[in-house]
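As structure tokens, one chain now follows by itself in the form predicted alone.
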């Protein structure tokens, strides 16, 4: 039998405080006001004082309203009934479809035991040469897209979702503009991927507290699908909005701020979500790709800085292209030795020559005389940017490798590339 508390001690922002006994951390409660019933979650315990985040916001709640603790953490329905559906940050339908209450799973559970994880070893094909060829995405990897506001990061995320050939796509949107929300829905419908997608969407006009739940609810459902043998791709956009929501709540809670006002446990909060990426032994997998927009393109900002320590590299989006020198997939060595015999050599050679191209651009800008070698590098760099870096390019890995050889052959002689003779004889395009 649930005990009802009839006095709220304090209301600060979306956080209310009550005095209660035998309440656990992260437990869910119902707040019953004149406007209806709202769910709230315990976020702090101080003796008998219990601090709760009200998901729908504290508007309309007074100190005389009732609070009833439910004795369990937040739960969400899971299973195939979710596919093709759109929910808000608390798991309630946003698409006017029926509410779901079967196959309930708890959210916010611990990460998977390391001994139950497989070493990542499966390549995820995206059709994007700068990823497949140079920074291969690996199943069960966690990797963010670092970007500045205004870059097409959601378009890149949607393209990966459609082309990654995963069983299930879970989109966790935080602080999304309505246009972005419609974009994801429309593009997945057009590409016939909507039927294997679950949306958990928090828009910019929704209560800020719901934003904090989106990553947890997304990975909880992903874990349930993965344990049933599904390969799940979780897309989270934008984790900067999630961190800003954390910051707002911590200020309300009067916590001592850390770097640039963000809470001191920012690293832990991010790691708790990213570490859900896993390849289960004898079951499916969870791969997490997120977006982190960097205020002022500042990679030392606390959000990208902490994210970089947790994840296995990043894709750096700049000038509407994936920047080769800011991007890194630390797991690419796990897969690019098994794709084709020329993959690693071609990747190294093309990046080395592209670095020389960037140096040549600086020489030219300073007015130095261009040598024949410089002119070759300038031609090569222009072709690399247009045919490899552009996000408009869409090629399977094998064709991207063949294109790489063709670009080299159009700009250089075989002996100028430094590639060993056996690979030249096998892959250099014949005239």
Partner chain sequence: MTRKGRIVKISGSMIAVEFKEFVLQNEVAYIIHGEERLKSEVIRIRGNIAELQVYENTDGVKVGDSVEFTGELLSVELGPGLLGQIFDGLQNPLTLLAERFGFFLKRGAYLKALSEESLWEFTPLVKKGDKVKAGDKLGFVPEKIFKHYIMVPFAFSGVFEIESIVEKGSYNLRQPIAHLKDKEQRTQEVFLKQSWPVKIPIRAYRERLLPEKTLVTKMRLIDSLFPVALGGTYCIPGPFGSGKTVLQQLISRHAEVDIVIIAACGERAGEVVETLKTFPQITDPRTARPLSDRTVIICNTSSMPVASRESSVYTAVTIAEYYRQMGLNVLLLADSTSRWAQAMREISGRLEEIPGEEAFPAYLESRIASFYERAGSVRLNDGTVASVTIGGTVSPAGGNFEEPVTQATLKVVGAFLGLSRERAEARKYPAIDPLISWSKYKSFIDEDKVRYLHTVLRRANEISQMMKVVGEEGITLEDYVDSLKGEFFDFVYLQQNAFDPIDEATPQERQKHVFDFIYHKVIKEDFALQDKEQALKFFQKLRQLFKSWNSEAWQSEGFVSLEKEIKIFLDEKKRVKSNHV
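Residue numbers count along the first chain shown, from 1. The model shown is predicted, which means the values in this text are computed figures rather than measured ones. Under this definition, the rigid core comprises the largest set of C-alpha atoms superposing within 1.5 Å between the forms.
Beyond what is shown, the protein has a form predicted together with the partner chain; the following relates to that form.
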Can all three of 102, 196 and 429 be found with a heavy atom no more than 4.5 Å from the partner chain in the predicted bound form?
no
Under a 4.5 angstroms heavy atom criterion, identify the one residue in 320, 272, 340, 94 near the partner chain in the predicted bound form.
272
The listed residue (83, 187, 310, 123) that reaches within 4.5 Å of the partner chain in the predicted bound form by any heavy atom is 310
Is the gap between residue 111 and the partner chain in the predicted bound form 4.5 Å or less for some heavy atom pair?
yes
Please tell me whether any heavy atom belonging to residue 421 falls inside 4.5 Å of a heavy atom of the partner chain, as the geometry stands in the predicted bound form.
yes
Indicate whether the partner chain has at least one heavy atom within 4.5 Å of a heavy atom of residue 23 in the predicted bound form.
yes
Contact between residue 259 and the partner chain in the predicted bound form at 4.5 Å, heavy atoms?
yes
From the candidate stretches 250 to 258, 177 to 185, 198 to 206, 147 to 155, select the single one in contact with the partner chain in the predicted bound form, where contact means a heavy atom within 4.5 Å.
250 to 258
Within 4.5 Å of the partner chain in the predicted bound form, which residues of 283 to 318 have a heavy atom? Give them in sequence order, or say none.
283, 299, 300, 304, 305, 306, 308, 309, 310, 311, 312, 314
Classify residue 7 as shifted (yes) or not shifted (no) between this form and the one not shown, where shifted means its C-alpha moves by 2 Å or more with the rigid core superposed.
no
If we fit on the core, is the Cα of residue 48 displaced 2 Å or more between this form and the one not shown?
yes
